[in-house]
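Just the one chain here, laid out as structure tokens, in the form predicted alone.
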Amino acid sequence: MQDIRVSFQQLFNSSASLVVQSPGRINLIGEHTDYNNGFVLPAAIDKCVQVAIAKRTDGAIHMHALDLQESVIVPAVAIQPHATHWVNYIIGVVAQVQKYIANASSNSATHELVKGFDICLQGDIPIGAGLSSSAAVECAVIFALNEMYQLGLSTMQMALMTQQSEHEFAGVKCGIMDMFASLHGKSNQVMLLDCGSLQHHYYPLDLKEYQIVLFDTQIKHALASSEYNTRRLECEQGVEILQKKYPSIKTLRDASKQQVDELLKTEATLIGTKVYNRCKYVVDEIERVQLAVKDLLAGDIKAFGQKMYETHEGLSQLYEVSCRELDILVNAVKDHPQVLGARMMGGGFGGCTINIIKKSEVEAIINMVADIYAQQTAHILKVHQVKIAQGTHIK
């Protein structure tokens, strides 16, 4: 990426007060469990978003996306969702910060934030690849605002506020994982995050002679966002049914496999098999994450990789958030002895598969998979090799 400080100077004819860098994330295992208060195992990566920012005094927010070469100006008060999609990842965070200030102070209108600011952003996180480029933008913006205005927010508060921003301004009822991983990531470590309590523990990731490779479908089917919200509703439907017999169940995190089978499978004729399938996948996956961490601690990355394949099968068959392109990529490596595990990653309906591949075989396997993908889809495969990196920080 170009030097964002130079770009800021050229755009706004002034110097940036600070630059913040916020990473994308991978999730090794634990997909669609976060909004069910389950466990996930994410890590920040060495692809990121950078924002440069400085204060204004005229009550306007001037925004520029360097990668898109687009500029938008909005008032710093009475903020509403904007027609330009990327703008909402900035102003949605501003709206959350303003709410926080209003609750913390009896006269929020006097706060400097309403005077506005200049901000430009750039990134090398592939858009639509399931690496949470939107969360990286939101985390970079809130981290920058917190630093520039000395708000005193903790990273935990920032994660919750950016999640709410995504709900209200992007219209995606996402869980907490993406923001949490971007803000709290540590180099060379994965994070076991309990999305119910937000307790988290770090574990060194030693893949030995293997490395993480992402195969990017370069496809994002239009139904991705709407189906994501539908899955969340289907899980909530299942919880409502379970609660009638087991009032202590608040989310699928609280449900056992036996309870899901006993109640939801029995009632599948009434509610449809979809709700049962969704809940069965989530309960299985919550358990699978905990077992996968034990594999890592034992140094058994082969067993860990096998669980990745199991996760993909559940996402494809039970949760139905995969697509033909993702399934082709996983099937292409499933029986290869030098690929320990593979699965779709992210919300689904496109994006990437995450693969653990023997380092000495990476190039050969990339070529093999690219040929298969081209033959079966007529699309060109894009590949990202990533490393585990530091979370959001001042650059």
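Residues carry their position along the shown sequence, with the first being 1. Everything quoted here is computed from the prediction, not taken from an experiment.
There is another form of the same protein, the form predicted in complex with alpha-D-galactopyranose; it is not shown, and what comes next is about it.
S.K.: Quick one: of Val93, Met177, Ala255, Met158, which gets a non-hydrogen atom within 4.5 angstroms of alpha-D-galactopyranose in the model of the complex?
M.R.: Checked against the cut-off, the match is Met177.
S.K.: Please pick, from Tyr309, Trp86, Tyr210, Tyr228, the one residue with any non-hydrogen atom lying within 4.5 angstroms of alpha-D-galactopyranose in the model of the complex.
M.R.: Filtering the options by heavy-atom distance leaves Tyr228.
S.K.: Taking 4.5 angstroms as the heavy atom distance cut-off, pick the stretch from 22-30, 66-74, 351-359, 322-330 that is near alpha-D-galactopyranose in the model of the complex.
M.R.: The contacting stretch here is 22-30.
S.K.: Is there a heavy atom of Gly38 no more than 4.5 Å from a heavy atom of alpha-D-galactopyranose in the model of the complex?
M.R.: Residue-level check for Gly38: no, no contact with alpha-D-galactopyranose.
S.K.: Using the partner position in the model of the complex, report whether Gly346 sits within 4.5 Å of alpha-D-galactopyranose, counting heavy atoms only.
M.R.: Contact with alpha-D-galactopyranose, yes.
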